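Shown below, as structure tokens, is a lone chain in the form predicted alone; questions about how it binds or moves come after it.
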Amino acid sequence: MVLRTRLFNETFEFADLKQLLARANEEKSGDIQAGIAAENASERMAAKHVLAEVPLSALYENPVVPYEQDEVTRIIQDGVNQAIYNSVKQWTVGGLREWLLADTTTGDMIKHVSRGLTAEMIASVTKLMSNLDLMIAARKIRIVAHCANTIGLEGTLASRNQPNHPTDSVEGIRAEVFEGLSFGSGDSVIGINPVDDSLSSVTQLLEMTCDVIQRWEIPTQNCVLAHVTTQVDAISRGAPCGLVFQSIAGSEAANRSFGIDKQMIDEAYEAAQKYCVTPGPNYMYFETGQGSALSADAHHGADQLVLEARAYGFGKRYNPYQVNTVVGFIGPEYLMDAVQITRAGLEDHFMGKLTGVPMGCDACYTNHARATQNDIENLAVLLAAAGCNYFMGVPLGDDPMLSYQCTSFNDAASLRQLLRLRPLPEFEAWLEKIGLMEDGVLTAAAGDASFFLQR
């Protein structure tokens, strides 16, 4: 296949589809570090021009990691609906973009066609889209899931109550849980990143959060974001858990760097269905992030956007309740500044939805990135307008355990007010019942953690 064009009085030729995909990506510090990025804007534009004419069949036949070498590739390829694929395989990447953005193309139509797409196709069309294109296309797609409540419905925006603590103090975490709940944060999940990954610590935190949920009859789910094997051990011994978590990536080798593989997640999914205390049927929670495969030297020469799309293809196998990209957490080595973080957040949200997973975003940055809290608030507004399912909520937007900056408990409330969005319906009914919300607006009692100590 000849991958060549003449542009700006210069001829550009690309060795193969993997190189073309990398050169067509928007500038990312991770791709530059890997030595696969376009040398300049002219080469990037030429690559996009060539990519627009590539048929989807070529991307199906040439995954960035060969089928026989990688179980993530096999999961994605084996999950393709062949009848749908055959109906679109002659479309070009540019044609897919035009179809996605057409006023006559609905979300249901997109969800149908997405069953015939691979991660490479999804990443390719993403590279041809502007930020506004990504928002418009993602806005059409609603992916709804249910655990203890219903996420992804039109007009809703959820918030993960993330009460992390530098020493896993149970009382400190409980206080943070109450503060978050008082702002209406926690309908996505009450999810703790533990310092101590031991069975006893994970069990203790699951029991405490479950006690809060049961005592206050909160329609939500709990989760402790330890390694999946520790969680499965805990729930099989009777620890009360709502969602089972794991970080995932876009290649078999990258997943091995997280200490997981397909068999392990298959077993965790089976255990979640057997032991989780929530009604389901969606029990899994996954986190991803551009650059994770490169950081593990497991990217196989492919760009970080393609690897991210492949992570969603892997996660889709397990019918997750929620997935989020921790977009700026890996650091400026992979996403240098606010421009790159913003672009990646919009890309990831769109790709997750086009893949068919319920997508949220941890709009965040590390302190050595060229970004500020205003930049993250800007990204959150863009994503909420694009139909993002949920954001993180930590006290004051400053995580005291993971040492990074993200959205706060009150940011979700502000975004709901700004864009006329509501909490998840079951959670909103609970907020109204206890007096923290009325007609979609927080009451004067909101924002005070002691509300839960006075009753």
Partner chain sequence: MMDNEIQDIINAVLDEIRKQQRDRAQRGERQPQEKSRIAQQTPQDVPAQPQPQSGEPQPPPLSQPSPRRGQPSGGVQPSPRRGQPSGGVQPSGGGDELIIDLEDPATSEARTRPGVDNPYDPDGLRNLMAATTARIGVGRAGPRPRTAALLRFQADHGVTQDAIYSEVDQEVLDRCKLFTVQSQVEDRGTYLLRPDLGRRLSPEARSLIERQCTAKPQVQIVVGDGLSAAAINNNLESILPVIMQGLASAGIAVGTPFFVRFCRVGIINEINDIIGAEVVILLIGERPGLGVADALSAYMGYQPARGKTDGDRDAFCMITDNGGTNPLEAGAYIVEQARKYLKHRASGMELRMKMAREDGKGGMNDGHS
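Keep in mind that what you see is a predicted model, and the values were worked out from it rather than measured. Numbering follows the first chain given and starts at 1.
Separately, the form predicted in complex with the partner chain exists; it is not shown, and the next lines address it.
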Requested in this report: Identify, from the list 275, 318, 178, 245, the residue with a heavy atom within 4.5 Å of the partner chain in the model of the complex.
Outcome: 178
**Report entry** in the model of the complex, the residue from 334, 350, 312, 285 that sits within 4.5 Å of the partner chain by heavy atoms
**Finding:** 334
Query raised in the report: Should residue 17 be classed as touching the partner chain in the model of the complex when contacts are defined as heavy atoms within 4.5 Å?
Result: no
Requested in this report: Although the partner chain is absent from this view, report whether residue 378 comes within 4.5 Å of it in the model of the complex, heavy atoms only.
Outcome: no
Report task. Please run the contact check for residue 144 against the partner chain in the model of the complex: heavy atoms, 4.5 angstroms, yes or no? Result -> no
Query raised in the report: Does any heavy atom of residue 398 come within 4.5 Å of a heavy atom of the partner chain in the model of the complex?
Result: yes
Query raised in the report: Where, among 190-198, 109-117, 148-156, 78-86, do residues come within 4.5 Å of the partner chain in the model of the complex by heavy atom distance?
Result: 190-198
Query raised in the report: Has each of 229, 411 and 449 got a heavy atom lying within 4.5 angstroms of the partner chain in the model of the complex?
Result: yes
Query - Residues within 4.5 Å of the partner chain in the model of the complex, restricted to 241-261 and counted by heavy atom - result: 256, 257, 259
